[in-house]
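Only one chain is shown below, in structure tokens, and it's the form predicted alone.
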């Protein structure tokens, strides 16, 4: 099973600065239906702590750094997001936790679905039973 996949986005730039382009169904493997971002989290805060039945995600630290732990209950991967042109793709039904946020971290999340609280699995034991 693919727990997650690191993505490198195209970066353009000149003496005016850098530009990173991310397009749905081209740079990410789904149509982007929602985006949100997380900022102001301390380094000891753990975000996420859930799985999604229907949503796929791409997480991009557009500023600062953070770590993402992904597991299916058997395998576990940890990805460090350290560059704004780098993202991690998370398929459906993986448990995710984001943590170790730098003080300037802004974690942008692209989602394949609109928000639906019913598709979130927030209890790890329940998640393991469903897997």
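Residue numbers count along the first chain shown, from 1. These numbers come from a predicted model, not from an experiment.
Omitted from view is the form predicted together with a small molecule, to which the following refers.
- Screening 44-52, 23-31, 72-80, 85-93 for residues having heavy atoms within 4.5 Å of the small molecule in the predicted complex returns a single hit, 44-52.
- Heavy atoms of residue 120 reach within 4.5 Å of the small molecule in the predicted complex, making it an interface residue.
- Although the partner is absent here, residue 98 sits close enough that one of its heavy atoms falls within 4.5 Å of the small molecule in the predicted complex.
- Contact annotation: residue 106 falls outside 4.5 Å of the small molecule in the predicted complex, judged by heavy atom distances.
- At least one heavy atom of residue 38 is located within 4.5 Å of the small molecule in the predicted complex.
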